[in-house]
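This document starts with one chain, in the form predicted on its own, laid out as structure tokens.
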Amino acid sequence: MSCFKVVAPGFLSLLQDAGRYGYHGVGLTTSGPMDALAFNWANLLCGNAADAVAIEASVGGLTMTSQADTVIAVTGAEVPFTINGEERELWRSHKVKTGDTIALSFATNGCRSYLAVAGGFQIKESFGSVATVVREGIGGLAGKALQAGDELPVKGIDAPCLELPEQWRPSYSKDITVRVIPSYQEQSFSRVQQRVFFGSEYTVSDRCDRMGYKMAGPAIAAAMSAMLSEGICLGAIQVPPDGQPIVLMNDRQTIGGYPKIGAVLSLDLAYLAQQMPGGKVRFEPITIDCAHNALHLAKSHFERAQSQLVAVASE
């Protein structure tokens, strides 16, 4: 089988599929792409199922050589992207040939880029998924981030080149508002504390990774001083004793013992995942009914956008 060879892995490049489900009971986290929308689009532009295995490159710096004639696409953060040194456009697919060099420089807006290949990377699953969790040492290649010299098998198949028109692409900003579904523990936070949280601007601290994003801003406090650890969901906002909220992301632990003021709507986590330290974040409460409506509208928008893909000539 043909492959792509990693020349330089960049800051943090991981093989991901849609995630690992059904293993919380043995302590394994879900993982999967931090920006699921951009991940899905990278695959669709290559003619793949939306959940095929692709590379998530955080910050950038990834360089590979192709040892196959095939098709690739890069979506997500704004990052200079070249094939054999020639700059290429994001959010569309491109043909590559054996010996071509593919390079992602460093992101100028956003944080996570997704590189997909026609047919998806052919990696053996671990616990039902290829999703890499470095902390747990599972998924990907031996549970590790990509290293120089790694070889990633591909099918080497052809596919039409497609483009997602600009008006259908997500737009990333360094100043965002994310919607929050209040937790069943919200009564542990007084009205004053809730107003402080929802009325303040927070800054993404330098303690942000695939496990969680810690915020810096006005401290809030819960009435409860201790609680038993319990199962924890994607997007949960834990408030530790220092009062600085932590939004739990894809590689979160499966249980947690800090009180939670709510959970960020899954749709908005993609935009939070594109934030670098220093990004500005506000939190806005919504009801669970509004959250359901937002999910249905986003699903409808995604389906309509797929019908807008445009065939483009290969370069």
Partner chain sequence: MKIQIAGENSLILYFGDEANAEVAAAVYAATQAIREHLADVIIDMVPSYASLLVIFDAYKCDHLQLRKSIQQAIAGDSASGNQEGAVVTLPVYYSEESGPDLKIIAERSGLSVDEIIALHQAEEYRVYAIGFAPGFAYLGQVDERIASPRIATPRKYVPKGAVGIADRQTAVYPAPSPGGWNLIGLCPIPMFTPEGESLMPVVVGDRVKFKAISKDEFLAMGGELDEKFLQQEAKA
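Numbering follows the first chain given and starts at 1. Computed from a predicted structure; not experimentally measured.
Beyond what is shown, the protein has a form predicted in complex with its partner chain; the following relates to that form.
Its partner chain is not shown here, but in the predicted complex it comes within 4.5 Å of a heavy atom of Gly231. Although the partner is absent here, Ala49 lies well away from its partner chain in the predicted complex, with no heavy atom inside 4.5 Å. In the predicted complex, its partner chain sits beyond 4.5 Å of every heavy atom of Phe106. In the predicted complex, at least one heavy atom of His292 sits within 4.5 Å of a heavy atom of its partner chain. Heavy atoms within 4.5 Å of its partner chain in the predicted complex are found in one stretch of 86 to 94, 169 to 177, 72 to 80, 183 to 191, which is 183 to 191.
This chain is displayed alone, yet in the predicted complex one of Leu272, Leu265, Ala36, Val59 has a heavy atom within 4.5 Å of its partner chain; that residue is Leu265. Shown here without its partner, the chain carries Ala145, Leu152 and His301, none of which come within 4.5 Å of its partner chain in the predicted complex through any heavy atom. With contact defined as any non-hydrogen atom lying within 4.5 angstroms of its partner chain in the predicted complex, the contacting residues in 233 to 260 are Cys233, Thr254, Ile255, given in sequence order.
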